[in-house]
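Presented below, as structure tokens, is a lone chain in the form predicted alone.
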């Protein structure tokens, strides 16, 4: 505890009372990379917007998200939240429900009608975006914020791309998607739908566009040879999901077999149950642990009565039945046939074995390289053709909505720089904030909030949204579970614990400074910082 005598020494003018000469090390404030930020494919400053949210500054939190991602209400539903997988709090009790808080903020913005103003002066340039999916709309949004005129052209009659035509409404209600697309359009982004682009050079020339971004999603189903009789009913997964999205679901029958192991296979099987299938069976040639589908998607499908047939392949499809061959994994993990066959009843077979991108738009475009089925781009997201950029499913990457949104943002930054004849400068990457640097003594157990979900029996009879959102009180609680890893959040621990009164408060939001004339380098501030935002460094000589 500080005595009046110690305070007198602190404010006195005699250099003899100062203690700085005693140090061999000194404490310094640091800013580390939060693991949630580091893991976010969209590049969100997760920790920063959680900081606003935990103070009930919901609009400030939402605007912080919107600096990176124009679809918080969508992402709060369909993102597989790698930020939560990386969250340090998971090593204490449970990870922070970042995705749930993001959804709350996105829904709150729609409810309150929050908008994003364009304050940048007109850049005098025009950019063509091909594809009204997540990467294209993200690029358009960020380009518009920088003052560019943006036109988005898409062959579909409605915007959203795979968010609309590949994700069922029980995961993403269309009114949510429509609201966030409408906000982008209200910013001055021009949407020209039902407008396929087949000759990019001609479109750019005729429209006087200065640059283009290609954000065409993977909307072509993989083709595969499947031995089948003439009367076998075989469909592809994307066509099934698209017709459901258009309100004209196909007749799949009572016994539906889905061939594949990705998220699309889960979506089709779960949709089939909602369309009246009494049996929905997923046939996959590998084991569950090798399934590309997200574990949560598989678990929810099983809750809804979808059956899984692992280590199996379809050897033949006929009228009313399929023949399944059992597989085994060899020493390399590759499935090999065993010759063991079994006949199963099936009214229809849906192929969900992957998707391709229509790359015809770049055919004949000088300098563009296509390798392994995707367009090659540089670190600036530009193809080999000057002024033509690409992202999302078109380029080598994970095929998720969040990754596509991140590509659109990054491409917009580089397109803007290219049009202005500049190079975007990236600040140096700070070191990662790891769990071992936290002082967890200050944190009590606070289990994560569980989002409400429809009962399985109700799910299979309706396309209503399965997972509900948080209310204001639970969203506030969840935001306050953030540990602020690696960054000062002005808890005053260092200020209160310093025995030498060497910590100086700079005011709300400005954090602290250290008066090294009085700091003797004891390290108490480092030991007592909950967030690991102070470290000891050797005294400069």
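Residue numbers count along the first chain shown, from 1. Given the structure is predicted, the values throughout are model-derived calculations rather than measurements.
FYI, the form predicted together with a small molecule isn't displayed, but the following is about it.
Visitor: Pick from 166-174, 368-376, 319-327, 141-149: which stretch has a heavy atom within 4.5 Å of the small molecule in the predicted bound form?
Guide: Selected stretch: 166-174.
Visitor: Would residue 133 show up as a contact with the small molecule in the predicted bound form if we use heavy atoms at 4.5 Å?
Guide: Residue 133 belongs to the contact set for the small molecule.
Visitor: Does residue 196 make contact with the small molecule in the predicted bound form, using a 4.5 Å heavy atom cut-off?
Guide: Result yes; residue 196 sits at the interface with the small molecule in the predicted bound form.
Visitor: Quick one: is residue 439 in contact with the small molecule in the predicted bound form, heavy atoms, 4.5 Å cut-off?
Guide: No, no contact at 4.5 Å.
Visitor: Is there any non-hydrogen atom of residue 180 lying within 4.5 Å of the small molecule in the predicted bound form?
Guide: Because no heavy atom of residue 180 falls inside 4.5 Å of the small molecule in the predicted bound form, the answer is no.
Visitor: May I ask you to choose, among 415, 101, 257, 404, the residue with a heavy atom within 4.5 Å of the small molecule in the predicted bound form?
Guide: Filtering the options by heavy-atom distance leaves 404.
Visitor: Of the residues 279, 297, 380, 347, which one places a heavy atom within 4.5 Å of the small molecule in the predicted bound form?
Guide: Spelling it out, the residue with a heavy atom inside the cut-off is 297.
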